[in-house]
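Coming up is one lone chain in structure tokens, specifically the form predicted alone.
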């Protein structure tokens, strides 16, 4: 029986389960055998769930070979192999939540507007505070007064300090001041919010690169995490965004939001594989506690749990 956390995750992934796992289950139960027609249909299901063409073809080809040599002889064994492949595709050397050590840490959070970046920062700050970390926020999205106000509101609600300047001020100056405050106040973690408009424009990427340089220059001994926030409901568009940000920044992890709102949650696979970086957190709702630390094994277990129910 699933524990409460796993059961909750399984429920929140219901749309992806319906769009991917349940369709695979139905394909197995409705097929006369694991033949070429079956594999063609399986490829289509995986691709339609946004698993990605390359990953989908790779999964199916591996399973096809195991069927041919007799290692897979039943639908149940096929499902187990698919689970194993998905988990392996999402597992990296630095998988797991961000590594907050006993040294100051800076978390630079980037992403286009509308993906849930500022809300994710608040959820992450709350999670770190629950672990007894002393957190500081920096409102470096100075191009939108509403973004500054939103982060201030979260800081007040969570009883966390925040560094902010006036709208349209230099974002790098905000980060510089926040780094000085992090050191002077002997705090544990600084989380930096950033602008996200026009992500394809060179000026924004240059601005983010400048912030990254300042962090490395002013606080080289700090542990730096650069997390890209992506909206799972945007599918392949999220992958396109990821490519742009990775060209400019030394990304260390992903936050995938709104995973509960899409039947194409398979997008988590091609994004992780192409970027070569792990998903650190997934957003599964609007509540402050709905940012979950991502575990490939837990994710796969929850995704395939009670698939035929």
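Note that this is a predicted model, so its numbers are computed, not measured. Residue numbers count along the first chain shown, from 1.
The same protein also has a form predicted in complex with a small molecule, omitted here; what follows describes it.
K.L.:
Even though the small molecule is not shown here, does residue 150 get within 4.5 Å of it in the predicted complex, heavy atoms only?
P.N.:
Residue 150: yes, in contact with the small molecule in the predicted complex.
K.L.:
Find out whether any non-hydrogen atom of residue 90 is located within 4.5 angstroms of the small molecule in the predicted complex, and reply yes or no.
P.N.:
Because no heavy atom of residue 90 falls inside 4.5 Å of the small molecule in the predicted complex, the answer is no.
K.L.:
Would residue 220 show up as a contact with the small molecule in the predicted complex if we use heavy atoms at 4.5 Å?
P.N.:
Answer no; every heavy atom of residue 220 is more than 4.5 Å from the small molecule in the predicted complex.
K.L.:
Within a 4.5 Å heavy atom cut-off, is residue 285 in contact with the small molecule in the predicted complex?
P.N.:
So residue 285 counts as contacting the small molecule.
K.L.:
What stretch, of 174 to 182, 70 to 78, 124 to 132, 106 to 114, brings heavy atoms to within 4.5 Å of the small molecule in the predicted complex?
P.N.:
Contact criterion met by 106 to 114 only.
K.L.:
Which of these residues, 144, 165, 83, 216, gets a heavy atom within 4.5 Å of the small molecule in the predicted complex?
P.N.:
The residue from 144, 165, 83, 216 that makes the contact is 144.
K.L.:
Is it the case that 118, 196 and 258 all touch the small molecule in the predicted complex, with a non-hydrogen atom of each within 4.5 angstroms?
P.N.:
Every residue of the candidate spot has a heavy atom within 4.5 Å of the small molecule in the predicted complex.
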